[in-house]
Each structure stands twice: as C-alpha cells, then as structure tokens.
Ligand code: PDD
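Given as structure tokens, the chain that follows is alone and in the form predicted on its own.
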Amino acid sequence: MASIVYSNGRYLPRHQAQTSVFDRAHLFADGIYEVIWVANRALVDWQDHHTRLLSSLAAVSLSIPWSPAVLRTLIFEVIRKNNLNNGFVYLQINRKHSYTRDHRITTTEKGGRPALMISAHHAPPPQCQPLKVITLPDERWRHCDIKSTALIKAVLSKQQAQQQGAHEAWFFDKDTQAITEGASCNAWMVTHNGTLCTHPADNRILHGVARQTLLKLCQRHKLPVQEQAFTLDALRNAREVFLTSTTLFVSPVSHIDDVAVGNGKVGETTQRLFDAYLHHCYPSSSSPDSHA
C-alpha cells in the first residue's frame, strides 16, 4: 500500500504530494518541523512536542490556525491511513509561499495560511546497541533551539560521520572545547562518580523532548544529573557516553573519534536509562508490537 501523507488539506499518496517551487521552505528553509515517536499507535510525549513546536514557530514569527486537538486529529488520521503501529510521524509547517523570491516576509505571508505536511514512517523500537561518533567544530548558527528545517550543517556532518564509519557527529565549541550536541541528538556522559551531565537547554542546543523526558526519569530513579557543559577532554575520559533522540531513545556510544569509551560496551547506567525510557514509551501493559 502506498504511503499516504497529509498535504495542505488533502490526504494523498506520497508521490502525488507537491509543493510550489516558490515555497519559502524550498527557497529559504523557512519552515519548522517536529518528529514524534509512535508506540503502538500512541503519540509519545505529544504535549512536550506541541509545546516545542509552538515555541519554534513563535521564534520565527510564524502563527498557525490549527488547535492542538485539530493537529492531533490530522496526525492520527495519517497514522490510521498508513497502518502505523511503531515508528514516527514527521510534521512540517512552512510559511505561506509567494511568487517572488524575496527575503522579506510580506504582509500576505505573515497573515496567510501556512503550509502543513504530515507523513508516517514505519520503524521498529530502537535497540540498546553501541554507536560510534566523531567530533567536529560547531559552526552552526546560534539558535539551535529553533527546530528549523535549515539543516545543511547536520546533513554534511552526518555524511562525514558515515564516511568515517560512525553513526553520528557531535559538535564542540571551538573556543571553550565544550560539547554542545549531536547533528540530530543530545549528548550525555556519565562521570566516574556516577553523575550524568548534559548541556543546559539554551540557544546552543535543541531542547530535545527525549532529553527532557530522560531528565524526569533520572529524577524518578534518583540519579544525579548536572545540566552543564562538559569539555571534549572530559568526554573522552567519561565512564559512559550516550545520546538521546526521539528515534533512537537512549543509545550508548562505544567510540569517540575511534577511541573506545570504557570497555566499548553498554554501560550499566546507560542500560538502566534505556530500559526506563523504553518503559516510558511502552508501559508494561503494552509491550512493543513488532508488526509494522
């Protein structure tokens, strides 16, 4: 069955969905997006995702006419039409397009109805499997807290990581050597005294929903956490290192720039947090359904 997407008021087979060549997301990456995990047809952390969506939209002066209830209804209809049990939905909102290539936002574009696209993607729940990362200087703009579609640096960094046999690229500040985040994840480490560290939620990182959920889980499990920047040297000497994201949950990092973290295997704390996060997405009464 062909994948069905929601595109500006219509449910269409993926290959029939189209946007104008003058769409501002196409011309200027003038759009905002969200990725939400679907666990047994339920949206995980919907309220947190919606709150972040509104925050990003407000930051770029983009308002939307859809209420949370309407957006949920549209998303669940896409889930239903695609028979999506496990995986994720992608939601993108673009500013209304114009027919001239003008950087300025016109009055019509400010007040016009924005474009909305929702798609569904089948995927099994992630496994707690070690990943390799590389580190790169952080050369992105200074508003990573806005979930903008302008992701060319992430694209190129991911490609560089792949070429070096790694899964992900983590960025560090060239002046302070502080780790900020990954190309599509938040970065974490566990010190030798068992304290978890992750960069504070400021403009230098995306305020990951999985990150926020994990902070709550750490509090619930009485695990010490410090939201503070840590350096590249501290990272390389950490007891455990892992990443968080909507689609990878809690994933251990086995190697950084080809140097093993600890014994290169999944650490005790990371495994504990993965299990806790998995339970958050799939409560014991509702284990992951393997049917896509």
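Please read these numbers as outputs of a predicted model, since none were measured by experiment. A residue's number is simply how far along the shown sequence it sits, counting from 1.
Another form, the form predicted in complex with N-(5'-phosphopyridoxyl)-D-alanine (PDD), is not on view; read the next lines as being about it.
Peer 1: Is there a heavy atom of residue 132 lying 4.5 Å or less from a heavy atom of N-(5'-phosphopyridoxyl)-D-alanine (PDD) in the predicted bound form?
Peer 2: No, residue 132 stays farther than 4.5 Å from N-(5'-phosphopyridoxyl)-D-alanine (PDD) in the predicted bound form.
Peer 1: Looking at the partner-bound form in the predicted bound form, is residue 35 within 4.5 Å of N-(5'-phosphopyridoxyl)-D-alanine (PDD) by any heavy atom?
Peer 2: Residue 35: yes, in contact with N-(5'-phosphopyridoxyl)-D-alanine (PDD) in the predicted bound form.
Peer 1: If you check in the predicted bound form, is residue 97 within 4.5 Å of N-(5'-phosphopyridoxyl)-D-alanine (PDD), heavy atoms only?
Peer 2: Heavy-atom contact with N-(5'-phosphopyridoxyl)-D-alanine (PDD) at 4.5 Å: absent for residue 97.
Peer 1: Does residue 167 reach N-(5'-phosphopyridoxyl)-D-alanine (PDD) in the predicted bound form if we count a contact as any heavy atom within 4.5 Å?
Peer 2: Judged by the heavy-atom cut-off of 4.5 Å, residue 167 is well away from N-(5'-phosphopyridoxyl)-D-alanine (PDD) in the predicted bound form.
Peer 1: Partner absent here, but in the predicted bound form, which of 223-231, 57-65, 239-247, 255-263 has residues with a heavy atom within 4.5 Å of N-(5'-phosphopyridoxyl)-D-alanine (PDD)?
Peer 2: Contact-bearing stretch, as computed: 239-247.
Peer 1: Counting non-hydrogen atoms within 4.5 angstroms of N-(5'-phosphopyridoxyl)-D-alanine (PDD) in the predicted bound form, say which of 209, 120, 189, 93 makes the cut.
Peer 2: Of the candidates 209, 120, 189, 93, 209 is the one lying within 4.5 Å of N-(5'-phosphopyridoxyl)-D-alanine (PDD) in the predicted bound form.
Peer 1: Along 177-192, which positions have a non-hydrogen atom within 4.5 Å of N-(5'-phosphopyridoxyl)-D-alanine (PDD) in the predicted bound form?
Peer 2: In sequence order, 181, 182, 183, 184, 185, 186 come within 4.5 Å of the partner.
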